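Here you get one chain, nothing else, as structure tokens; it is the form predicted on its own.
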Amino acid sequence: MRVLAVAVSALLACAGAQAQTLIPPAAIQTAVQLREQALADRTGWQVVESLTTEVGPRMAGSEADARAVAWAEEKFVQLGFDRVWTEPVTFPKWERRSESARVVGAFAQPLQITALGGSPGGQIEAEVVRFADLAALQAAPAGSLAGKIAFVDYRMLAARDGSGYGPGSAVRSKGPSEAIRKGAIGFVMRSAGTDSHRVPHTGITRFDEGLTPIPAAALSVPDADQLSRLLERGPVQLALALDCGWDGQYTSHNVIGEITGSQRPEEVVVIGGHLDSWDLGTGAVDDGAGVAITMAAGHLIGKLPTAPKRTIRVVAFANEEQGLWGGKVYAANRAGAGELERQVIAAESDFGAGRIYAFNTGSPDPAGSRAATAQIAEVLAPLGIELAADKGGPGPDISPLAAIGGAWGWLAQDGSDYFHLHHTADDTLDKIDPAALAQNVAAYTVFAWLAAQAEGDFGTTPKNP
């Protein structure tokens, strides 16, 4: 605690004579009470259990997507939010119907595979060419993969902050287009995941403009190992069959619940998670947990005898998985007519349900809000959360808002095992630790309450287009 106190004092000193954002002592006392109450509360668990059991997987554009929207509207009402509403979000609809892969020839055997989101369907059989990473594929001569299947065998590394996902997801997003440029008729990759289970990881891919898309899929980690061993023995012929593809447009919704502020109701503190999931698991850690954490935080604040000064707004964002569609619509709807300035600060929970270990805030003009950030950090410290004054960033659905000048909060979750489950059939409720989930609820409750009570702002500053 002494180290934190020194950091807090330093941040207060840095604010100096500038106009400071500060949080009144009474609000801090209430935050301490909320923190302890949240640790003993089961609302977060009950919400994620309800979503994953009653709706299950809810891929954007599916029948379950519509049921998830209805579920969220009803759940907000049940939890006592005094205003519940929706924003339409329209996007292209991608469907998965069936998929399979098998090695043919002397060592014939099936492989566990899943189509990447955005892949076209198709049935192909061709020789596989292995590349150790994306750079190796990029370096291949033009036309060298004519009539063949490119296989990128990049092994993603686990990290608490999820930093290994950048290189892993780059294979998924850029690899298929690179394979096309080299003449390939198909693309497979080692899943962007850190597990050793026979469950492949899906995720969205894109094809560069002017290229004709090819079937693209991810192998489970053990199956990628198997394919590599087979290639060491000689040429491998792979048969890949995908039945999937784009099918028109679909309109889903951001679902929004509010606890209306008592003094400055037009100013909002935004927290949330994304409502959609991929179709393989039940979307428990990605991102049922985030929806549950933030719904529960709003609920606990709403139960107080006195409403917060500012409005607490919880957003269940539509279709994050296939391109931040809900987050982009939310930001676009706040970009004009003074609406952005009223977004005091925003934070998204979208990294599973591991314990939060670090906290920070950021904005285009952060100097005056550092004192309040330090005050929030003091209340979070007993939860095992440290102030990381030079780190962090907005969550995925918050990033479009941040891009136009919105202030953001960052509550860093331990993602050491997040990519064991991410975008797989293993993303199910049993992987969530109720105690860790409650710690997340406590942290988001403290953050949202104190931000709503702060005297001053957190630096939201509209950027010139």
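Counting begins at 1, following the sequence as shown. What you are looking at is a predicted structure, and each value in this text was computed from that prediction instead of being measured.
There is also a form predicted together with a further copy of the same chain; it is not shown, and the following applies to it.
Candidate from Q37, T428, S416, S399 lying within 4.5 Å of a further copy of the same chain in the model of the complex - any heavy atom: Residue within 4.5 Å of the partner: T428.
In the model of the complex, the residue from A332, A108, L157, V77 that sits within 4.5 Å of a further copy of the same chain by heavy atoms: Contact check passes for A108.
Candidate spot Q123, E125 and D350, all three touching a further copy of the same chain in the model of the complex (heavy atom, 4.5 Å): Heavy-atom distance to a further copy of the same chain in the model of the complex: none of the three under 4.5 Å.
Stretch in contact, per heavy atom within 4.5 angstroms of a further copy of the same chain in the model of the complex, of 260 to 268, 313 to 321, 99 to 107, 143 to 151: Of the options given, it is 99 to 107.
Interface membership of T194, a further copy of the same chain in the model of the complex, 4.5 Å heavy atom rule: Although a further copy of the same chain is absent here, T194 would stay clear of it in the model of the complex, with no heavy atoms inside 4.5 Å.
4.5 angstroms heavy atom contact with a further copy of the same chain in the model of the complex for K391: Heavy-atom contact with a further copy of the same chain at 4.5 Å: absent for K391.
Contact label in the model of the complex: T30 to a further copy of the same chain, heavy atom within 4.5 Å: No, T30 is distant from the partner.
T282, heavy atom within 4.5 angstroms of a further copy of the same chain in the model of the complex: Heavy-atom contact with a further copy of the same chain at 4.5 Å: present for T282.
Sequence-ordered list of residues in 33 to 66 near a further copy of the same chain in the model of the complex, where near means a heavy atom within 4.5 Å: If the 4.5 Å heavy-atom criterion is applied to a further copy of the same chain in the model of the complex, 33 to 66 yields E49, S50, T52, T53, E54, V55, G56, P57.
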